[in-house]
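One chain follows as structure tokens, the form predicted on its own.
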């Protein structure tokens, strides 16, 4: 039998990350009747705000408050979670930089299974959990079978599950800060460096035309600019475009770039790595255009078009301008 399902809630500036609602949907793939417990770490008034918001969606929210938890330090958060988690717990958290830092060591301390970057979850007929991961840039899907009676720590890819928007839990906040004990760590938070805003602030646009390796050459960025002008949006990109110095860093979407919340996101020649998808929030309408039918971006797209973006974008722009 599986233990209780816990969800680690990511938040920043008093605002809950979109993954908090996605992880409810992930928990229900494990058990449709699941009532996962949210765990929130932090300090001060922002933590209280996050706990109150989480209680709208979770029946129980565990609050862990300490000045040492004011900033997301995986070493400190790991100690805090170990103070309150049972050995057989199933723990879900976002597969981002904190999750990748936090989860492997947490699973070792709990003597639990660890699954990274899961894009789907399914309970099998014999009571095991099947987690689906992607390998080789999304070209291959790996199915991992896990025993559930010993506990599992699962990092879930942001955007892999549609968010549960019910917000009808009316949950209870339980303060377990007194159980934390010593949170001393060998590393400390120094500062938060905000990404610079360039000539265009992509975080403010409702429509984004994002380009990746599939755009081919720097000269082809012009066709993306023309499409963006036609739909009233702006051009952004994935990391390889910035690495090639075709666009400035402020245009990059992803965990190492900007976080955006557009209404419409046109992914043009973008494979769809978790690092890129981790920068897209707010459940936008995603249109993916890629000549590789197995590209991971199609897993999260509302509309998928298998085509060469260099050939397809000018035709799409022309049709929009005619309409």
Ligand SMILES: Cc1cc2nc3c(=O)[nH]c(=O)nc-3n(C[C@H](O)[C@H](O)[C@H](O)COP(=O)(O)OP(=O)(O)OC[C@H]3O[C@@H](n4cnc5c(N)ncnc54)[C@H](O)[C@@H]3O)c2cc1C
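The structure presented is a predicted model; accordingly, all values stated were derived computationally and were not measured. Just so we're on the same page, rigid core means the largest C-alpha set that superposes within 1.5 Å between forms. Positions refer to the first chain, counted from 1.
Omitted from view is the form predicted together with the named molecule, to which the following refers.
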property: Partner-contacting position among 56, 291, 281, 28 - heavy atom within 4.5 Å of the named molecule in the predicted complex; result: 291
property: The named molecule: the contacting residue among 214, 233, 159, 151 in the predicted complex [heavy atom, 4.5 Å]; result: 214
property: Any non-hydrogen atom of residue 239 within 4.5 angstroms of the named molecule in the predicted complex; result: yes
property: Partner contact for residue 97 in the predicted complex: the named molecule, 4.5 angstroms, heavy atom; result: yes
property: 4.5 Å heavy atom contact, residue 253 and the named molecule in the predicted complex; result: yes
property: Non-hydrogen atom contact residue 308 with the named molecule in the predicted complex at 4.5 angstroms; result: yes
property: Segment that reaches the named molecule in the predicted complex - one of 292 to 300, 62 to 70, 29 to 37, 46 to 54, heavy atoms within 4.5 Å; result: 292 to 300
property: Contact set, 270 to 288 vs the named molecule in the predicted complex - heavy atom within 4.5 angstroms; result: 270, 271, 272, 273, 275, 276
property: After fitting the core, residue 291 CA displacement of 2 Å or more between this form and the one not shown; result: yes
property: Shift of residue 267 between this form and the one not shown at or above 2 Å (CA, core fit); result: yes
property: Rigid core fit then residue 122 CA moved by 2 Å or more between this form and the one not shown; result: no
